[in-house]
Structure formats: structure tokens, C-alpha cells
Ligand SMILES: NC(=O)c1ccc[n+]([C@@H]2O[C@H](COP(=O)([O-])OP(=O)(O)OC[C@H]3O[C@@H](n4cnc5c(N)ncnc54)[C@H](OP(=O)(O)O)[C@@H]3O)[C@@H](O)[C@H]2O)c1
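Just the one chain here, the form predicted on its own, laid out as C-alpha cells.
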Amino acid sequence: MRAVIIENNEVSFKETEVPVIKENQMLVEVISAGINGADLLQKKGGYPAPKPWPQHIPGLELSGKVKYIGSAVEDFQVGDFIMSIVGGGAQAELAVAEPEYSIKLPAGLNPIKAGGFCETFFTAFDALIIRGKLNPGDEVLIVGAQGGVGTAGIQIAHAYGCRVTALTKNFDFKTRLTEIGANQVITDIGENKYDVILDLISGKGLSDRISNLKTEGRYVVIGVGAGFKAELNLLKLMEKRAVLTGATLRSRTKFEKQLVAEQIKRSLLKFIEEGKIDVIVHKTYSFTNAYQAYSDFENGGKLGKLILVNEKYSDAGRLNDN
């Protein structure tokens, strides 16, 4: 098979070994796979895949068709179309997926877009619903709203009946962010107060944004694109009785990921079927053009996801394949 390979901080697409599944795993013919910030970190030499996942093939989410199943797999069968989070290896023609956090493709979700669903929406759902304890009617701020997780967060909060403010450095995205559920789009946070702040950029501005929490507000950190260090005025947290928390998904145990997956199935899939949630895609690329996709990701300026597509399935709900 062929796969996207990271070697010496460079991205290529070439032949590599076919993965071998265990009795509790599935071999999936990949339709598409999303690119995430974690993949970029891996390219730069950080955030390695946990063993035994592939160390040289990136990719944390995929959609695909089940090709083989292990003897212990019960809820899926050969031929099923699924989407899944994985520990690594998604950006390949064939990948291993585990049934505990795989989902049969729901009605209404484009199979190419589905490759950008799981890591993105699992992360946003975990941050807002589980960590942020989101309640209907909450005032929510999404910091760095234009990315894949940001656009997912906007839609989740809107679907749960919250008032959503999107903070973005690119005001050109105002119309689209409003269309997907943002009640307000801003480039400067000002003095506004929020019940929940979801921060996808962090950096030095995090400390100032703590002041924008309401009393007993929740501040959830899931991205460090602007830097991973910040000074904190702890008196602000104390005065507001606020919660400051954060999370990553990749390093969690199988059981922890399974819990998130089960909640997604119960709580989120209905919004897809009702047309309230979709994967917002900026651009798609063939696997053979992975180098350009990674370069564009690094350059920023996108709204939503960049998705790699297996050329065999390029007509499966065509978007704007290159």
C-alpha cells in the first residue's frame, strides 16, 4: 500500500508495509483523512504516536470501508462504511481502526467530509460538554474559531442552545462563521464576559482572557498555536471561582476514548441527521498531494478542515479535489 510518510521532518507519499490487525481490530480502506495540528507537530518532531500505532504515518481520523475484521469484532462487518479516531496511521490507503471508537457513517454526512469528523468533533465535544460542562443558554467564546475544532465547537454550542461568540483574527470569515452558528464574530475580545471560553491558541493572551470569564466560568485549553506558556494571575481565578482545565485526546487510554465515543453516538449524531452539524471543509487534496496540503496547513488562513482523499474514492461526494 501507499501512505503519507514523515521522515526527517519532511512529508512524502510512497509505498510502505500493509498494517496487520489484531483480533479486536479492523482493517479499513481509507476514503479520506483529516489533517490536524497534531500532524503538524509530528512533522516537526513532536507529539509522537503512542505505540504500537505507526510512528511514521500521520493521521488521527479517517473515514473508510471495512476490508477485514478481527475475530473478536462484533458490531461491524466487512463492507461497512465507518469513521474513526486512531492513534496514528490514518493518512494511508489502508489503516487500522478499533471498533470501540469507530462510528458507522451517519445519514447526511458526506463520506469525504467524514474523514475530518472524529478527531475534530471528539475534541470539541470533550472540551465543551465534558470539560466545560456546557449548559443551554450559556455564553460561549471560541478563541481561534476559524479552524477545524473551532468550527466544530461553534456548531456544537449552537446546537446545545448556547449563544456563541467567535473570536478570529480574520474578519473575512464573519459571514461563514455566522452561517454555521456564531451569534457574533469579533477580532477583539473587549470586556465581554462568558460562561465558557474554549481556547485553541493560548499563548500570552490566555492570562488576559481569564478576566473575561463570568463568576464560576469554565476556561478550557485545547490548543497552543500562539505558545504553550503564559503567566496567570491566580487571584482572578480565585475571585471568579473559575475552573481552568485542558485536554488532549491522542494520549488517552482506550477506555477513556471509548467513553467519549459513546457520548458522541448518543448526543451528537442526531444533530448530523437533522442537518444542524456538518464538517466544514476548506479544501481537499489527493493523498499524492500531501506535501502541498501540509504546506498550506502551515501557512494558515483556512476556514475549517483540510482533508486528504484516497484517489480511488475521489468521486465519493466530490468537494474540490485537486
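Owing to the predicted nature of the structure, the values given are computational and were not obtained by experimental measurement. Quick note: we count residues from 1 along the sequence shown, nothing fancier.
Beyond the structure shown, there is the form predicted in complex with the named molecule, which is absent from this document and is the topic of what follows.
Asks: Consider the chain as shown here, without its partner, and state which of Leu109, Leu213, Ile180, Ile201 has a heavy atom within 4.5 Å of the named molecule in the model of the complex.
Replies: For this set of options, the contacting one is Ile201.
Asks: Only one of Thr168, Gln155, Ser102, Thr165 gets a heavy atom within 4.5 Å of the named molecule in the model of the complex. Which one?
Replies: Of the candidates Thr168, Gln155, Ser102, Thr165, Thr168 is the one lying within 4.5 Å of the named molecule in the model of the complex.
Asks: Counting only non-hydrogen atoms, choose the one of 188-196, 67-75, 118-126, 236-244 that falls within 4.5 Å of the named molecule in the model of the complex.
Replies: Correct option: 118-126.
Asks: Consider Ile130 of the chain shown here, and say whether it contacts the named molecule in the model of the complex, taking contact as heavy atoms within 4.5 Å.
Replies: No, no contact at 4.5 Å.
Asks: Would Gly37 show up as a contact with the named molecule in the model of the complex if we use heavy atoms at 4.5 Å?
Replies: Gly37: contacts the named molecule in the model of the complex.
Asks: I'd like to know if Gly225 sits close to the named molecule in the model of the complex, meaning any non-hydrogen atom pair within 4.5 angstroms.
Replies: Close contact exists here: in the model of the complex, Gly225 approaches the named molecule to within 4.5 Å, heavy atoms only.
Asks: Residue-level question: is Phe297 within 4.5 Å of the named molecule in the model of the complex, judged on heavy atoms?
Replies: Residue-level check for Phe297: yes, a contact with the named molecule.
Asks: Pick out the residues of 119-151 whose heavy atoms come within 4.5 Å of the named molecule in the model of the complex.
Replies: Residues within 4.5 Å: Glu119, Thr123, Gly144, Gln146, Gly147, Gly148, Val149, Gly150.
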